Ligand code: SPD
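What follows is a single chain, given as structure tokens, in the form predicted on its own.
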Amino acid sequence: MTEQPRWFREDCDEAGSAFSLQIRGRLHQEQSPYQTIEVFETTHFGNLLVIDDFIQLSARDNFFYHEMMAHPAIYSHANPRRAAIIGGGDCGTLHEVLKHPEIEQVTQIDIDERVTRVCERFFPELCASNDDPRATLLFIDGIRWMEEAPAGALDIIFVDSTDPIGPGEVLFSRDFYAACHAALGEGGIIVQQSESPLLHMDILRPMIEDMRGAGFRDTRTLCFPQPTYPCGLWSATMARKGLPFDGFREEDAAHPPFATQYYTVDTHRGALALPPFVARQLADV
């Protein structure tokens, strides 16, 4: 008898949809103090990281997300040197950020060390910069770390969080954004993954309202593809302290000292040009 294909399936109840990847089997499963962490071997997307039954990344397509989390914010800052990543335990965003030679210091704070240790084993390509001397990895409460950060100590904050449930819920709050605002210098930028603009406008709009309520003067939402996330369309939202967004360092972005798979100066421009259905829903925020 021929063995039937096996599939990992993630249901998106709020959209009445589901997404599946064919798998060869489970490589790892554990219950950390915070969440269930699993790794599957897929037939076409490489290894797959799943937390609490939600897809976090695949080896094949994570570059969309990690490049768009890192490079637009860095090129939107005039002189980015000091950065923090809240969350990001898979270390993919850290790897992209450290490709920029102008970055002098990055502190990554993720509460669950087990995510990083699992990714070091099953996604070593994402963790290739973990030993960079500019990087410090902390496994503590990111909210408390941000509240205790010296005023004006950071240029960019990357909020590479899970969905706003469980440990990631507090990272979508006005109090957290206020702490980030205080820790940023003038012209500093926070960028946060902001879910699907097609499915999760009920998350995106309040997030922008809370950013502005916390003192950020200007925001920009960027849309980009992310094939293994619900509906395949995702977003990141940037907010700037004190100054409006006035373009980005296009000449630098056009000639990066590293290779990319998705990000270019043109995809940056394109991501800033919101589709009408998104722009209409954010027009009054």
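Residue indices: 1-based, along the sequence shown. All figures in this text were calculated on a predicted structure; none of them were measured in a lab.
Although it is not shown, the form predicted in complex with this ligand is what the next lines describe.
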{"item": "Answer option from 59, 233, 55, 39, heavy atom within 4.5 Å of this ligand in the predicted complex", "value": "55"}
{"item": "Answer range among 255 to 263, 64 to 72, 215 to 223, 239 to 247 for contact with this ligand, defined in the predicted complex as heavy atoms within 4.5 Å", "value": "64 to 72"}
{"item": "Touches this ligand in the predicted complex: residue 116 (any heavy atom, 4.5 Å)", "value": "no"}
{"item": "Heavy atom of residue 96 within 4.5 Å of this ligand in the predicted complex", "value": "no"}
{"item": "This ligand contact in the predicted complex: residue 229, any heavy atom under 4.5 Å", "value": "yes"}
{"item": "Residue contact check: residue 155 to this ligand in the predicted complex, 4.5 Å heavy atom", "value": "no"}
{"item": "Heavy atom contacts to this ligand in the predicted complex at 4.5 Å, residues of 68 to 90 in sequence order", "value": "90"}
